[in-house]
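Only one chain comes next, encoded as structure tokens, the form predicted on its own.
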Amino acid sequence: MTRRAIRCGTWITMPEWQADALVLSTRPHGEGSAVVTVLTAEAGRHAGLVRGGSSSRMRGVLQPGNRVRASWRARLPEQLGQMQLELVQSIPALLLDDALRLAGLSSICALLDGSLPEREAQPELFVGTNALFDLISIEDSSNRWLEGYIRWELGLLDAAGFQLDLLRCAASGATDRLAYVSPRSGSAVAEGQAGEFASRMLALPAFLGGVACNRHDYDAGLSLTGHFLARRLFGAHNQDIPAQRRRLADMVTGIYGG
């Protein structure tokens, strides 16, 4: 979306957009302002300057994980531009009594903020992330949202061009008795097909089709996606996987590992 203004008697086009958005990160800028990065369907990961962003009134609005209505405008497309945000729903406020779910929310925001290119449309990822926000907001002592979270990380890898093949064995082509995932190719391997390399394979959780997982599904699932996030998504750009993601994995291992 654009708007038009007159400069020296000539109409010029000035970029702007309005959209539903998810707050990914915020950092102070100058005296009293903040640079906020959000995720939208059409504008993708997009940053903007929020005037008065460091005020007590705005700090709650700019919390990573919030759903907001965002408006952005600039004089030129390449500029940072100014952003205005209106709170729609505070997801973190729903999770204050659950450290694990808060860690999951923080990990989602950090992964998106650290891996997505700027200003590229992400309609499917936006819809999927919103659905995960809904799932993570449901109170559940079994933490079944973690299954959805792991599937979401697979979707993030897919969106970045690193799709794992978990439907058939890379060695035999079989679609049943799948037990492992090759840490090199990201392809499934059937039970009995890994040979002497079985100990080096990643475990395939049962909810992803695995038949012989010797770890809790949540722990194994996060190890699986974490390996490829670190190697293919962040490692490809000489970056470390975000600390928020490591913290989530450590918490899940502490609860379900061993």
Partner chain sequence: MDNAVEDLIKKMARIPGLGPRSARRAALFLLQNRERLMVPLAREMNDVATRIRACADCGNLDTGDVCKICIDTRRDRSIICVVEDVGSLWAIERAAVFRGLYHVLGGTLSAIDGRGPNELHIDRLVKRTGHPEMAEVILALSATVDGQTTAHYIQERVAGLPVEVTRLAHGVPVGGELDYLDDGTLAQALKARGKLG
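If you're wondering where the values come from, they're calculated on a predicted model, not measured in any experiment. Positions refer to the first chain, counted from 1.
The protein also exists as the form predicted together with its partner chain; that form is not presented, and the subsequent description refers to it.
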Closest heavy atom of Ser90 to its partner chain in the predicted bound form, within 4.5 Å or not? yes
Just checking whether Ala131 would be counted as a contact of its partner chain in the predicted bound form - the rule being heavy atoms within 4.5 angstroms. no
If we define contact as a non-hydrogen atom of the residue within 4.5 angstroms of the partner, is Leu94 a contact of its partner chain in the predicted bound form? yes
Answer yes if any heavy atom of Ser25 is within 4.5 Å of a heavy atom of its partner chain in the predicted bound form; otherwise answer no. yes
Answer with one of Ile138, Leu80, Ala99, Ala121: the residue that has a non-hydrogen atom within 4.5 Å of its partner chain in the predicted bound form. Ala99
Of the options Pro64, Pro205, Gly53, Gly48, which one has a non-hydrogen atom that comes within 4.5 Å of its partner chain in the predicted bound form? Pro64
Stretch in contact in the predicted bound form with its partner chain, which is absent here, among 196 to 204, 40 to 48, 27 to 35, 226 to 234 (heavy atoms within 4.5 Å): 27 to 35
